[in-house]
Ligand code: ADP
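Take a look at this one chain, the form predicted on its own, written out in structure tokens.
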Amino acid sequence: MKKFKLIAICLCCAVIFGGCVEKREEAKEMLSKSSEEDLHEMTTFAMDTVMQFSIYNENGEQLLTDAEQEIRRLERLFSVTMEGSEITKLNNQAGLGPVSLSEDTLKILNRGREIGDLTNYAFNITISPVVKAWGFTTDEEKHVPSQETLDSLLPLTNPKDLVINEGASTAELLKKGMAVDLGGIAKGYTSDAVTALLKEEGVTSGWFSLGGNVSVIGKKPDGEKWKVAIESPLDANDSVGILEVEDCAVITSGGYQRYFEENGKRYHHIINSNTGYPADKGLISVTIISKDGTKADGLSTALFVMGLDDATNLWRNSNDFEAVFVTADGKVIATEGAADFFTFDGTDNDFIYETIKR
């Protein structure tokens, strides 16, 4: 008798759960249809890079226009090539006195110095004179500068010679020939500004890429996390793994995209401000995952310069970012927190996967 009761109960549950499954699938289908109607996409070019957006909101078209305007407003402040930008004015006035600056420019300069202090200046917003000497930020042909040239320029790259007076809303470069370049932090700062703008206007689901600097808002409309691939430094058509994330920035730095070769040797654009030469500490890619896009942008450069051991020590003494490193000797190494949402997929390029514990 008990056996028949058990069968009856099971049949009843099957009907109930079957109906629930059908309702869930129906609801999911309706949600997907509704979400697709609210999907708005945009591609634009700013800050010398292609930017792509996908957001879900009934007012998405207007919000993307607002986002683009915010990007261009910040570009007009931070650009080192636009005549009349605040950074251009600051650089032109180097050694001649202070320059009045807006709240955003003062804020990003302060954030740059904070990250510099945190990383023992592995991230350095005053490295510009040396980077220019290599030809990476000019129209001149890229080349290895002489040691004499580097020796003359390195004294112009001390971040302590950038004086910020918040009370007077001014900043000053103390030595003539100094220059600030925010290329290692501007897109991260901009991603934070755009994320805040979109969230304030009610966007709860979306993603955007500012030249590869990815930021995601919430989850996908179906409740799944966003998937962000980490490109293989050895093959632009392949990845070393997938991150599943929500409400954060994912930013990668590496020496495999901007480089030149001279006398059979490759030189990339990420310069060690202690030596004046491209960083060579055994890393070929660093990906930072953080809710703070500005910090993620700066740290992706800094940790690349620092090398794995010092980068790991910094991570262990921090609690606001995770990282995935790709090393020159063929390893993909995820920090303990990142490993929880990272799926390794680099075996096709003979990478070995490891994790780092706190």
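A residue's number is simply how far along the shown sequence it sits, counting from 1. Here the structure is a predicted model, which is why all the values come from computation and not from measurement.
Only in words, not in the display: the form predicted together with the named molecule, which the text now covers.
Colleague: According to a 4.5 angstroms non-hydrogen atom cut-off, is residue 169 in contact with the named molecule in the model of the complex?
Modeller: Judged by the heavy-atom cut-off of 4.5 Å, residue 169 is well away from the named molecule in the model of the complex.
Colleague: Though only this chain appears here, would residue 192 touch the named molecule in the model of the complex if you measure heavy atom gaps against 4.5 Å?
Modeller: Close contact is absent here: in the model of the complex, residue 192 is far from the named molecule, nothing within 4.5 Å, heavy atoms only.
Colleague: Heavy atom to heavy atom, is residue 283 within 4.5 Å of the named molecule in the model of the complex?
Modeller: Residue 283 lies outside the contact set for the named molecule.
Colleague: Would you check, heavy atoms only and a 4.5 Å threshold, whether residue 305 touches the named molecule in the model of the complex?
Modeller: Contact with the named molecule, yes.
Colleague: Looking at heavy atoms inside 4.5 Å, which stretch does the named molecule contact in the model of the complex, given the options 82-90, 115-123, 199-207, 142-150?
Modeller: Result for this chain: 115-123.
Colleague: Go through 249, 108, 127, 240 and name the one with a heavy atom inside 4.5 Å of the named molecule in the model of the complex.
Modeller: After the contact test, the surviving option is 127.
Colleague: Pick from 102, 165, 137, 275: which residue has any heavy atom within 4.5 angstroms of the named molecule in the model of the complex?
Modeller: After the contact test, the surviving option is 137.
Colleague: Even though the named molecule is not shown here, does it sit in the model of the complex so that 229, 324 and 335 each have a heavy atom within 4.5 Å?
Modeller: None of them does, since no heavy atom lies within 4.5 Å of the partner.
Colleague: Residue by residue through 75-107, which ones have a non-hydrogen atom no more than 4.5 angstroms from the named molecule in the model of the complex?
Modeller: None of them.
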